[in-house]
Ligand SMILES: Nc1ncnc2c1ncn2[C@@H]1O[C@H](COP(=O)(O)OP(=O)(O)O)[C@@H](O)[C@H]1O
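Okay, so here's just one chain, in structure tokens, the form predicted on its own.
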Amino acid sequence: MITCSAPAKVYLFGEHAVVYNESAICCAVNIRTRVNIEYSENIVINSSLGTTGIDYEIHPYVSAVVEKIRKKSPYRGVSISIESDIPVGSGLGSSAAVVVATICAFNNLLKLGMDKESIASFGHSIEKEIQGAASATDTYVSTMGGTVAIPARQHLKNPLCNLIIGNTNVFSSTGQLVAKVASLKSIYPEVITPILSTIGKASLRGESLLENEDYRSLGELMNVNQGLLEAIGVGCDELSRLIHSSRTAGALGAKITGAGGGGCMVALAENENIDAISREIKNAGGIPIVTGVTDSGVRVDFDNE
């Protein structure tokens, strides 16, 4: 059996704008998905969602990887078991993590010789196939780890302060929200295009703030980014409550992470405010997760092949 794992991610800046080649800053965080794989007579995919064969309703991303890999390197069957600490549909890159962890597991089982760049690229192609449109950010950051400027793929200093995620437990569809922004952009291009461009400019300014460890200014700019995301219609009442509660409790900045419309927000916090922010997120109806950035991207955790 081989076990591979990959991390979740949060956006400090740039979600939605990055789909249109604007800049973004994304961090891999210490919440992981693990994929166990071994040879079997048939294709079996097991997760908290159920046990299936190839099934594009229940396990779309893993099913796509299974079929694509089989065309590259035929095999009889495999048993795949998925365990994840990443909430599905939360804006934390759950699909990217399971995709790259599954590719990594196949890579080691079948001795495919793929490097990390190849895993990230293959993972992005799977997300595009399933979602219809997808940024390469999630799969790249989940594969590589650390804090990354997109699309330059430049590794930046990791923020030294804490990240507190607030999960609304409201499911959010990345594909639907990307399509919603695309529709708005097509109707009002002269309004929406400059907003997306401004989000990209905030990301670029955020790079220098990270390098200078100016987290107070970084938080202020995250708040500006949140206002721009609200303007393009990807906010929701549940996220707004968590975001504003976090700021009231002392967060340096707080905003949506990921597609929006539900899912998660992220707050930048100093040590002395962790408990207060976590408590206020909970009081506002969310589930707080205190985490930090990890340099460990996709990795092999166990291999007895």
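Numbers for residues come from their place in the sequence shown, where the first is 1. Not measured: the values here are computed from a predicted model.
The same protein also exists as the form predicted together with the named molecule; that form is not shown, yet it is the one meant from here on.
Residue in contact with the named molecule in the predicted bound form (any heavy atom within 4.5 Å), chosen from Val98, Ile164, Ala120, Ile126: Val98. Contact with the named molecule in the predicted bound form, defined as a heavy atom within 4.5 Å, holds for exactly one of Leu221, Leu110, Ile82, Val78, namely Ile82. Although the partner is absent from this view, Pro87 contacts the named molecule in the predicted bound form, with a non-hydrogen atom inside 4.5 angstroms. Among heavy atoms of Gln131, some come within 4.5 Å of the named molecule in the predicted bound form. At the 4.5 Å threshold, heavy atoms of Ile58 reach the named molecule in the predicted bound form. Contact check for Leu92: a heavy atom falls within 4.5 Å of the named molecule in the predicted bound form.
The stretch that touches the named molecule in the predicted bound form, counting heavy atoms within 4.5 Å, is 47 to 55, out of 239 to 247, 272 to 280, 47 to 55, 65 to 73. Contacts between stretch 212 to 239 and the named molecule, counted in the predicted bound form as any heavy atom lying within 4.5 Å, involve no residue at all.
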